[in-house]
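Consider the single chain below, provided in structure tokens and representing the form predicted alone.
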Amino acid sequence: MRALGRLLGLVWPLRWPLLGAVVLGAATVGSGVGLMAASAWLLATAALHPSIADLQVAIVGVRFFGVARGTLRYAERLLSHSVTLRLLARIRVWLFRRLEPLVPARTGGLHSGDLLTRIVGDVESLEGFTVRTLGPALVVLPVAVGVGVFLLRYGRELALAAAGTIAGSALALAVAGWLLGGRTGPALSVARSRLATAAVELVQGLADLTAAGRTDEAVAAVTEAGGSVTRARFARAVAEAGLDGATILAAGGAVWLAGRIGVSLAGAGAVDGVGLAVILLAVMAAFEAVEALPSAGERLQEQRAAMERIVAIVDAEPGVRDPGRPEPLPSRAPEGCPVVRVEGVRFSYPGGARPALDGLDIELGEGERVALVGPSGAGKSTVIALLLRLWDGWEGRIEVMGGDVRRCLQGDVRRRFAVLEQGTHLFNATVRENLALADPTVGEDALWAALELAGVAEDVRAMPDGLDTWIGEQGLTLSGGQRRRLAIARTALLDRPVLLLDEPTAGLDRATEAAVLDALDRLARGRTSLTVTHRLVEMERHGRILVMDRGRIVEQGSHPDLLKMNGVYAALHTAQQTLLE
């Protein structure tokens, strides 16, 4: 129930337009009741062949309620769907604002398919909360009261019975829907998550699965997950069919009860035949407000399960928190102060068998170009993660521009770095849009200058639409070298004093690698740079090389000096040269 409370909290700012939609919904049902009652009176009275003048008011009433019903329904749908769309926007903004501080420390244990289901599918499950769940529940009470007031003219017993039957049926059917939904709703949410996870696994690993001859197993897993969704939907359909039947029985029971009381009143002379027809059709029409309650109760369980899955993410403790009283971070390092200083840093990933960093010490001076190398698992990428404040829980001290990163806002720290990652994401958009991610206000001249720096300007000019060429998902239409150089161009547009390059040439052939290294030389001019790499190629480009092993610096110096030491670096270099030969 806590999840529903959170959902209602998101709805609360929209309470007034929601209330307006409820009023319009009640008025719509009321117009339906009026239409049926006026029609019943008109037909029953016309059968007695009265003067046409006696029927004029009823004729006008039928026309009025007929037009009003359609107009009010349109207005209600317009307003209620506006509330729904605004609520979805609020939920998405709230979710992504809460999700951003959790990456990657608190989301690493979630499968991408499951995470996708939560932030897309589960949010979409909440789409009908106001228009199909909360709204219909709030409409029933005014309709029941209105029908009771209308029938009060025929007798208190009839009015109380009709109002009580409508309200009681609505409550009973909603509870029945809630109980049945408690079995079908969560099962459907879990089944959807399993299907999304299996489908993502299949799509992302299709090349490897095909090469290994294991596609049949992956397809079988998707098929089985799809079958669980089908079974969950079938169970839900069966439950909905039963609830629909129960609604019809409840409406029939209410009409029967009203008819029984009406006949009794007619026998006592309190109601004539025309009034009896009005009573029966008015009660029948009022059940329009009850029809949505069973599915609303069932849907509420699905929405509760979806909201619980969302809350389970956003309520996680952020991996990194900003200080209560942040200190300003200089845009440049003070005179004589390193641009980056790492002192005695120790850090272990949750569940890690050994520390990723164990007493690490690093200093980067103004304009210095440094390479951080070492065997796999030495902790190189962890250094970049800590500099970018993606993880907390470490011991020691990290300073950027002379400021203690723990005392500064995360955003301020990150704005001092331009990062080029090994797996830079290229969006399914144009070249221009991918570059503008670095600076949405950048002009075309600056875009071409960045492309020239990255050595890919001629390739872009040769494309069908130049900067406006669509490059596909993850730059699918580009070669590996073009993708990497486009990422370099985007990094060049970030006017940041420090470059962090994480495996910038991984996966490239020798010729492309040389071109990318030339582009990185141009990118690094006038900036401090730290290159994390396991490929010891053309290391003479770096003024200083730091060699990591088991979370600490074990060697440092220039390329020739490190080779002379005949230590870890020399062994790694010799091994790689042997492989290259």
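No experiment lies behind these values; they were computed from the predicted model shown. Numbers for residues come from their place in the sequence shown, where the first is 1.
Another form, the form predicted together with adenosine-5'-triphosphate, is not on view; read the next lines as being about it.
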* Even though adenosine-5'-triphosphate is not shown here, does residue 376 get within 4.5 Å of it in the model of the complex, heavy atoms only? -> yes
* So in the model of the complex, does any heavy atom of residue 382 sit within 4.5 Å of adenosine-5'-triphosphate? -> yes
* Do residue 354 and adenosine-5'-triphosphate come within 4.5 Å of each other in the model of the complex, heavy atoms counted? -> yes
* **Proximity of residue 391 to adenosine-5'-triphosphate in the model of the complex, heavy atoms at 4.5 Å** => yes
* Heavy atoms, 4.5 Å, adenosine-5'-triphosphate in the model of the complex: which of 473-481, 83-91, 354-362, 257-265 makes the cut? Say which one. => 354-362
* Contact residue in the model of the complex, from 541, 552, 534, 527 (heavy atom within 4.5 Å of adenosine-5'-triphosphate) -> 534
* To do: May I ask you to list the residues of 457-492 that have any heavy atom within 4.5 angstroms of adenosine-5'-triphosphate in the model of the complex, in sequence order?
  => none
